[in-house]
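The form predicted on its own is given below as one chain in structure tokens.
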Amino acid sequence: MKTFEYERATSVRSALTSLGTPGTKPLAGGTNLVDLLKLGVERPDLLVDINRLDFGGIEPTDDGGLLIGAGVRNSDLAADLLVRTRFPLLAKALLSAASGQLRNMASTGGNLLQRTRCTYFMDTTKPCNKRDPGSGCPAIPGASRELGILGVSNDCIATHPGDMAVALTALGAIIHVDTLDGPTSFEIGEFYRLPGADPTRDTNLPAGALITAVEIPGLPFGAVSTYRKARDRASYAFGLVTVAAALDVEDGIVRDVRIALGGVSHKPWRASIAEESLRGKLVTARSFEAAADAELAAATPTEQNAFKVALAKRMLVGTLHELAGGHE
């Protein structure tokens, strides 16, 4: 591990001032960053500890949504009564992630910024366009079983490893950010990036900025939601395919639906094609399958991860069946 300087921030402003210096990283729970430091993937000159800063807690908003402070720990967020009743898909996504000990440390803001667990990215002895632009993506012809099938490029097929961000993507969350030039915000779909020709950047977070809060807009049918995760082990494993969904059904007709997929792309994947296909349709197995097929038509899997297409379809259809309940 490269040696680095350590600084404890006393205010958001002081943290932003320090983070404006190249080679500086913020430290919250450290559940991902410390691993990357040990592996030599991240090599900062300075770590700015932001754990003493008050980013707020979990507050209801006037429209029925929630405002979640960036420092809220994943375990506290998953256990919150408002989260569990208004947006159970978020609570279930958090509880499916990592272990209890890690959830006790992981922060909301840090969780959004975790980096891929692609084998080649994590191994500094291997080439990787995310670490070393232009060095190549050996995952494409190599070990790609766990990697992306949607929105991939010739430069990178890595996947976003998180669960919370997938649920937040289905909910259309807004990421609030502070910079030295003032606050700004991103709709979560614009916050994350596809790899394109520059896979080094996972998000559009400005250099030196801090996530301060996550806002979930009110969703009248948010309580009719869930999160499913297919993984190689029953716990403490990253998802091969995950599905976050909320469904609004009246008289056997889909009035509205929100869907996001995880484990399939460089960013949490909003299934907008499937959503559009379902709105106004009868709640039937055929409509669910047609929506999944429409969303996955653009998939470009490798030989090793081609199974993910069929798995994603089964996961999505099964999740919608579960949410539809007695309406079928």
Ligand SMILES: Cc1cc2nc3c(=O)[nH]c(=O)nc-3n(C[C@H](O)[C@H](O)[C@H](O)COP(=O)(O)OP(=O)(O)OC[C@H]3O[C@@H](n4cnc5c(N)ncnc54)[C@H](O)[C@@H]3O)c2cc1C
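Counting begins at 1, following the sequence as shown. This is a predicted model, so every value here is computed, not measured.
Not pictured, yet referred to below: the form predicted in complex with the named molecule.
Student: Even though the partner isn't displayed, in the predicted bound form is residue 96 close enough to the named molecule, meaning a heavy atom within 4.5 Å?
Tutor: Yes.
Student: Can you tell me whether residue 28 touches the named molecule? I mean in the predicted bound form, with a 4.5 angstroms heavy atom cut-off.
Tutor: Close contact exists here: in the predicted bound form, residue 28 approaches the named molecule to within 4.5 Å, heavy atoms only.
Student: Since only the chain is shown here, I'm wondering whether residue 143 would be in contact with the named molecule in the predicted bound form (any heavy atom pair within 4.5 Å).
Tutor: Residue-level check for residue 143: no, no contact with the named molecule.
Student: Would you please decide whether residue 253 lies within 4.5 angstroms of the named molecule in the predicted bound form, comparing each non-hydrogen atom pair?
Tutor: No.
Student: Thinking of 155, 192 and 265 as one candidate spot, does the named molecule come within 4.5 Å of a heavy atom in every one of them in the predicted bound form?
Tutor: None of them does, since no heavy atom lies within 4.5 Å of the partner.
Student: Counting non-hydrogen atoms within 4.5 angstroms of the named molecule in the predicted bound form, say which of 126, 92, 131, 117 makes the cut.
Tutor: Contact check passes for 117.
Student: Which one, 181-189, 216-224, 234-242, 253-261, holds residues whose non-hydrogen atoms are within 4.5 Å of the named molecule in the predicted bound form?
Tutor: Of the stretches listed, the one contacting the partner is 234-242.
Student: Would you mind checking 94-130 for residues with a heavy atom within 4.5 Å of the named molecule in the predicted bound form?
Tutor: Residues within 4.5 Å: 96, 97, 98, 102, 105, 106, 107, 109, 110, 111, 113, 114, 117.
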